[in-house]
Each structure stands twice: as structure tokens, then as C-alpha cells.
Ligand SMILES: NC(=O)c1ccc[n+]([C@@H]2O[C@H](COP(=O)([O-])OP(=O)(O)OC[C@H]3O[C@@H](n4cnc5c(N)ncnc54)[C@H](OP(=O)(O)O)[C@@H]3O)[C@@H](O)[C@H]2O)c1
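In C-alpha cells, one chain follows: the form predicted on its own.
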Amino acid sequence: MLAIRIDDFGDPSVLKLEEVPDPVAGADQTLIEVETAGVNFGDILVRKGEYFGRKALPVIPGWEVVGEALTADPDGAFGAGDRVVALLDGNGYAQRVAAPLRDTVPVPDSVSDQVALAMVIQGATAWRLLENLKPGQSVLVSGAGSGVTHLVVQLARLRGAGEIAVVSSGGEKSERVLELGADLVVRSEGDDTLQERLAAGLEGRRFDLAIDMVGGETLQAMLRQLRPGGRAVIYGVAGGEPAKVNTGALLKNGLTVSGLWLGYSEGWSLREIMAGLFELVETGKLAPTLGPTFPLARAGEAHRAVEARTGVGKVTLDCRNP
């Protein structure tokens, strides 16, 4: 089969279309004939050799695929020949994959490949970030161009959030989050420090929940906008610099800071979350921002589109068209 393989870490030119052996399904796995694969910011880090512990080469990137299940789920969740979407532990930029049964989910006929893929990592992350949100609570989110942020804004509104503010570097992505239901956008760029810009832009508002995917100065500034007893959840460090948290401030204000990573699967079910997301999609209550689809051989262009961070939308690869 054909797959995109990385033999050396580096820029998008290291993504090479190569002939590789077909995968073999192990225990608790199913084989999937891949139609479309999702592209995520984490794939950029894998390509550069900067993702948590992923230093071994060669590597096939990609964590989410849509395609035809070649074997049935023993518990009856899907049959051979059914269209499914799956969350993987890598190897997704390929024409065939071995996927964990527990993280393989049937896709409704009315849901497109792109939408289904947007519901896997982005949708499930957004869903879990808001698991403990109570009606009336306010939310401050970083990353206006992030697909997760676009879904967080919509889900928070559906769950009765009192106010939703988004930290943005500006441009069309700021308008997009307002269209999706955000109440306020605060620019992160300017001559003042980010802490000063947030304080001025938020005009004294305090938030119950801060959701950050940037890290560094951004998280530090967002923590200062939490009300006593507030929470912060971190799901990425896209800025490249982890934040240094003032534990004294956490103690004084009773703040909680936690991390969220889908790779830690204990205590939640992807199938249950996806069922909820698909229901919202089918009833028109949830709509991911969709971007371009590239042929598999043009994975480098797909990476450039994601790496630009312009809010291009969910980028995918057509694995049937190498």
C-alpha cells in the first residue's frame, strides 16, 4: 500500500509518498480501508520530531481516518463494509490502517468524511474540555483559528455558558468565532504585554473556565482573568513554550489547573462522545469549520495550510487519490 512516511525530521518536504507493508490487525483491532485522513497540528510536531516522545524513525503520521471497516466489531457496533471513523495511535496517512476497536465508530450516512474527522480529535477534545461546565459560567478560550476553539464556542453556547471570550491574534478568524457564538474577541497582539491587553479588552470581567492551547505568556495572562475558584484546562502548547505557573497565586485564589490529552483514555468513551457530537451535527446545532482536501501525495501542502494557523478549517487527505 501507499503511505506518507517520514525518514528524517524536518520541514514539509520530508513527507514522502512510499510503498510500505500492509498493516496486520492485532487483538482488539480492526482493519480499515482508508478513504480520508485528518491532518492536525500535532502532526506538524511529529514531523519536526517535537511531539511527546515520538522520536523514532521512520514514522507514518496521522491519528484519525474515515473508511470502510474490513472486519466487524465482535460486539456489533459496526459490521464489515460499514463506513467508520477511528482514532489511532499513528500511521493514519495511509491507504489501510489497523485501528483500535474501542475507538472505531460508525459514521451516519448524512455526515461527510471531513465533518466526521473534525469530530474525532477536535470534537472529542472540545467535548471533554467542557465536561464540567455549568450553565451560566463564563469561558475564556485561546486560539481563534483553532478547530477545537470553533467547536468549544458552539458547545459552550449549547450548554448555557454565560459569556464566551476568545483570545485572538486578529484577522478573519476573529470574525469567525463571533459568527459561531463568541461574545467578545480580545487581540493578543500589540505594544503592551498580553496581560495588559487582556485586562483592558476584558474590562474587568472574570471567568470561571480558561481553556488554553498556546502556553507561555498566554496561559499566564489567562490565569489572571479567572475569578476565585476558577479552573484552567490546558490541551496544547502551540506557542512552543510551556507556562510557568505561580503556585502561590493558585493557593491564594483557589484555582485549579489541569491538562487534557485524548491519549489518556481512562474514564471516557470515544463512542459515547461521538454519538453525542453526530447527533448535534445531524440536527444542525454544531458545524465544524472545514478546510481543503489534498491528495495523499500532497501532504506537505496540507501541513503548510495547518502550520499557517490562519483558521483555514479542518484539513484532510484523500487517500484514494495518492
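All residue numbers are counted from 1 along the displayed sequence. All figures in this text were calculated on a predicted structure; none of them were measured in a lab.
Not on display, but discussed next: the form predicted together with the ligand.
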> Would residue 298 count as touching the ligand in the predicted bound form under a 4.5 Å heavy atom rule?
Replying inline: no
>> Is it the case that residue 41, even though its partner is missing from this view, gets within 4.5 Å of the ligand in the predicted bound form, heavy atoms only?
In response: yes
>> Is residue 262 part of the interface with the ligand in the predicted bound form - any heavy atom within 4.5 Å?
In response: yes
>> Does any part of residue 222 reach within 4.5 Å of the ligand in the predicted bound form? Heavy atoms only, please.
In response: no
>> Among the candidate stretches 165-173, 245-253, 130-138, 108-116, which one is within 4.5 Å of the ligand in the predicted bound form when only heavy atoms are counted?
In response: 165-173
> Which of these residues, 201, 236, 100, 90, gets a heavy atom within 4.5 Å of the ligand in the predicted bound form?
Replying inline: 236
> Of 194, 214, 226, 153, which one comes within 4.5 Å of the ligand in the predicted bound form, counting heavy atoms only?
Replying inline: 214
>> Using a 4.5 Å cut-off on any heavy atom, which residues of 116-132 would contact the ligand in the predicted bound form?
In response: 121, 122, 125
